[in-house]
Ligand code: ATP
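For reference, the chain that follows is the form predicted on its own, supplied as structure tokens.
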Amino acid sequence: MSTASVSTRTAPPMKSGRLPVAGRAETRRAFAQLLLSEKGRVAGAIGLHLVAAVAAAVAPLLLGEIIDGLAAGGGVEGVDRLAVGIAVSCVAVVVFTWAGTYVAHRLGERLSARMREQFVDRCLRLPMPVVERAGSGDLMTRSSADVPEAGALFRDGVPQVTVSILKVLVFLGAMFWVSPLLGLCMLVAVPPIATGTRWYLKRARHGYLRERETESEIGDTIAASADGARTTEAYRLEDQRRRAGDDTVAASWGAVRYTLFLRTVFFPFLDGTYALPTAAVLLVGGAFYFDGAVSLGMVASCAVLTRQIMFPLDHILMWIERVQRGAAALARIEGVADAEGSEDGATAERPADGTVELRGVRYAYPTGGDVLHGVSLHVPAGERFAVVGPSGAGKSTLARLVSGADVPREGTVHIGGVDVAALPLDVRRGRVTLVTQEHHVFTATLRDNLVLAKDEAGDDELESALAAVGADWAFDLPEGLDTRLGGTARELDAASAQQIALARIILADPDVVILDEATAMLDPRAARDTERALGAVLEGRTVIAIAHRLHTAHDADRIAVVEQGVVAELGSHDELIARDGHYADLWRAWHGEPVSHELAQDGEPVSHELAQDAEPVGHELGEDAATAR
């Protein structure tokens, strides 16, 4: 690869939709705050390394005295005494360097751990729409690549660079103490080092941020290809996914080449400057030695000190590349805090009860027009409310708005008289729970998976919650609540994972429960039994169920039929059947009865879907419906 081919390249801009990246000032502030959180240990590490640096500077000074003593005709006793001093200084360097390194590395591990904890906490507080827009690859790369890189900055970079800076300052001070004239010779290295470093730093941050971003893009592409493997195979999209992978890898390679180009220019340029101070000391010292302005020992001491200065200076400059990587990673980590948003404007009001009210709600996703068109609903506290309608009508969007996961473009969503979007995140999560068909079982014990909803829950309470959702399998586990789940321990099927999620609802005890296909992974009869059990347990709480099986709607106090983003019908099951509208057609289609011409044109896909979902329990539900009527 020729440097000419990349010398004029610039790192391309970042894609929109990604999680934010903190600016330079924010990154420096976060860095300083982490250091100040351990200021006692920081001071201790600096003190130990300062003593080590002073001890290291003593040896060249004593060497200069030995040379001057011998030149003046001094005896062996003086040389021996100074030699003992050099030996003591060397031992002091070893002891204090070891102690300082030990303290500094422990400090780095503590700072790295604290940064990781902050990152995880911020990730858990991210609004769901932000995560969805960013894509799983971006957040995954920040946690799997950026966090370790920034951790290495605190664990290795900060101690190494700090120690090197202390050594440069101490050695430079020793040079000026020996001879200010010879100390000025170090200035010959400043212009080339400053020029090269300025050129590198001007380009490095953007280059390394771009390199990190392309890693996120690779993660996104791999995740999409893995998740959609069956679809890719079914529609023969292998070439398209392969091209997508090749494009992201090519973009990553381009970003890596750019940062490689920066290093291939910067480091060789610096190597040529390291001999300049020593050469200047010897030339200037030789000239002034014959004039008697400096002694031979002074020249020797300063020549040795220049070499001692260049070693830590080289270490600093070599670490610039790692520091830039770590700083770029820290900027991406701190950017998560910007995405989290501030709760400074959060309301101090708290919901009075579980009443849900939507007023003129409109909502549009970034890639399309409005999904909801001025929806207004009033769900009294304690009511069981069902929402039915065709796929894409806006049912799940409605659920997300009520939960506060999304914010309406127009209109308001209130719970207990308070705007749900204005509630602090922890309060909102305690008052409103949204459960979908997608559930996660953590690699931990069954108890750990359940107490996420209620820390102080005892075994009896956990077992009662499992029993309420029909999770009988949990009582047959070899170690009971202490049985490890997930990963290589014990994999649960989708239905069991869903039961754990439903048990969490019971433990969390929210005012409002939103069930969006929450029993979809259960077979129809088990889903029916689970919903009945939940109905008894959640008595007195507001329950909004997105119903894909009509028995859920049948059991509700009221039903809203949503079509094309508006509420087409609203009432109880019997009222809607008597009205003989959309809901009645869905009900008849579900039982295999003829439907109206209008439904055959507009609602056939939904009727077919609902008929498929409920067909296995049609006879049972037919009896239930007949009994209810």
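Counting begins at 1, following the sequence as shown. Just so we're clear, the structure is a prediction, and the values are computed from it rather than from any experiment.
Although it is not shown, the form predicted together with adenosine-5'-triphosphate is what the next lines describe.
- The putative spot formed by 365, 390 and 548 is fully lined by adenosine-5'-triphosphate in the model of the complex; each residue has a non-hydrogen atom within 4.5 angstroms of it.
- Residue heavy atoms within 4.5 Å of adenosine-5'-triphosphate in the model of the complex occur in exactly one stretch of 366-374, 450-458, 409-417, 173-181, and that stretch is 366-374.
- With the partner omitted here, the residue from 552, 308, 397, 403 that has a non-hydrogen atom within 4.5 angstroms of adenosine-5'-triphosphate in the model of the complex is 397.
- Only one of 383, 517, 156, 511 comes within 4.5 Å of adenosine-5'-triphosphate in the model of the complex through a heavy atom, and that residue is 517.
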